[in-house]
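Next comes just one chain, in structure tokens: the form predicted alone.
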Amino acid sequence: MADYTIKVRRYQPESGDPAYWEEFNVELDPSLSVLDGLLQAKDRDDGSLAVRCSCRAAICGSCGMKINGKSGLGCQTQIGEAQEAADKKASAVGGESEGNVIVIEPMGNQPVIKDLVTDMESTHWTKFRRVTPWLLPHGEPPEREYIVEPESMVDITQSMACIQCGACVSSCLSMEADPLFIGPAALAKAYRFVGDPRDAETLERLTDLAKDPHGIYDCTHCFSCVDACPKGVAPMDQIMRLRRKAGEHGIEDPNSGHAHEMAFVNIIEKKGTLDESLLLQESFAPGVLGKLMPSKRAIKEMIGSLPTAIRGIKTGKMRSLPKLIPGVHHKLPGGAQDDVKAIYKRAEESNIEFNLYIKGEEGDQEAAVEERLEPAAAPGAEEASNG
């Protein structure tokens, strides 16, 4: 057993007082969870402490919360590990090296009902229903069930693992900037049906999500949802897949997101590094014709992007005024420029997708270990599995 101090952000709406912090001392085995610590504090110190939980086994997704500033599940986070994280965080800013409090807060981007209980209906579930989260199949329903080949479902198995805990919503930086953003959980669920061969509304779904200014191109791919997800769903990956499929269908979006992606890829392919000034032009007025005869929208977007270009110059992304001239950009030292081009070419030729679990392809295990894509098996593991 060890002693821990948890610092909980409290909010008691019936009191009429603003939110405040309260510390509790708990005694637990380090292998037990942060949720166990909260329940002990509720049992021994203050029965009014509100926390939502159910299975206590990382299955139901009820106990979402922020622990030391990171969104996750209280039942899945060992209190000993949470203490180590608190100590590491404190020492990084010059604080005590050990014995720091474990900070626990309600999830972000959601209104707080009481203490650690948030209103998931107003954000998470409302946005979830926005993407029509059910199958819209072809024709008349069969007499029994829809039959599909197992291989055709591999691509969506990761998105199907979502337990709707809301941790990705809590950590989403895009939702902080734009509360109307549909959000990572809902969009990950959208891909579950877009990628399902039984669904008949793929084009309609993609068009809807691409043309919505708060849809798939509102994601800034910050990776926060990937880090927060307790089930490895990687919502950002699913959003990128929605974008890829929308691009394959030639769907234009009001955010010029697809044009921006194509400009980014083409510049990297051609130059090996990103030319920020050219990226701006190619995103809104691609090609020679686009620059000679820009559309009204392109002119409007370019003018609207001037503040961004100015900030780029001030922060060093565009290192000087000559950088505004296409073709004049900072190059990597030595032969690194050509190395990047070679990596791009190999990825395109091999159709490489970095998340092998989603790709659903079984490769050479020994080769995967050599390339550090998979960990090496422990000695005797194969004999034990065959036995």
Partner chain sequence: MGIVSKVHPVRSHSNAAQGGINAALNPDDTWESHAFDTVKGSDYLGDQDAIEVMAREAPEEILHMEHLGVTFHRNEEGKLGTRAFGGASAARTYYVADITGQAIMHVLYEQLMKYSEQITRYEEWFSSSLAIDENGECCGVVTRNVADGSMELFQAKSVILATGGSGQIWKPTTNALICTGDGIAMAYRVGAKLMDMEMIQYHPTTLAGKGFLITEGARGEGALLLNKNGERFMEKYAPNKMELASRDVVSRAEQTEINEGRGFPDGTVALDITVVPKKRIHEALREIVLVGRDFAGVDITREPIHIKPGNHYTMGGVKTDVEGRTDIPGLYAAGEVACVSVHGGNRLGANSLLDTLIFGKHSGRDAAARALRTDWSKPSGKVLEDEQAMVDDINGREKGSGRRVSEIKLELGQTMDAKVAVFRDEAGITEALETVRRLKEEAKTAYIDDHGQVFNQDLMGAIELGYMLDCAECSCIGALERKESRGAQYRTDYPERNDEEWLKHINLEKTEDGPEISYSEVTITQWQPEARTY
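Numbering follows the first chain given and starts at 1. Since the model is a prediction, treat every value here as computed from it, not as a measurement.
This protein has a second form, the form predicted in complex with the partner chain, left out of what is shown; the following refers to that one.
- Remark: of stretches 83-91, 231-239, 214-222, 179-187, the one touching the partner chain in the model of the complex is 231-239 (heavy atom within 4.5 Å).
- Contact annotation for Asp338: none of its heavy atoms lies within 4.5 Å of the partner chain in the model of the complex.
- The partner chain in the model of the complex comes within 4.5 Å of no heavy atom belonging to Pro254.
- Contact between Leu173 and the partner chain in the model of the complex is not found at the 4.5 Å heavy atom cutoff.
- The shortest heavy atom separation between Lys66 and the partner chain in the model of the complex exceeds 4.5 Å.
- The candidate spot formed by Ile6, Trp21 and Gly72 lies out of contact with the partner chain in the model of the complex, as no residue has a heavy atom within 4.5 Å of it.
- Site annotation in the model of the complex: the residue of Gly99, Pro111, Gly95, Pro141 reaching within 4.5 Å of the partner chain with a heavy atom is Pro141.
- With contact defined as any non-hydrogen atom lying within 4.5 angstroms of the partner chain in the model of the complex, the contacting residues in 55-87 are Cys55, Arg56, Ala57, Ala58, Ile59, Cys60, Gly61, Ser62, Cys75, Gln76, Gln78, given in sequence order.
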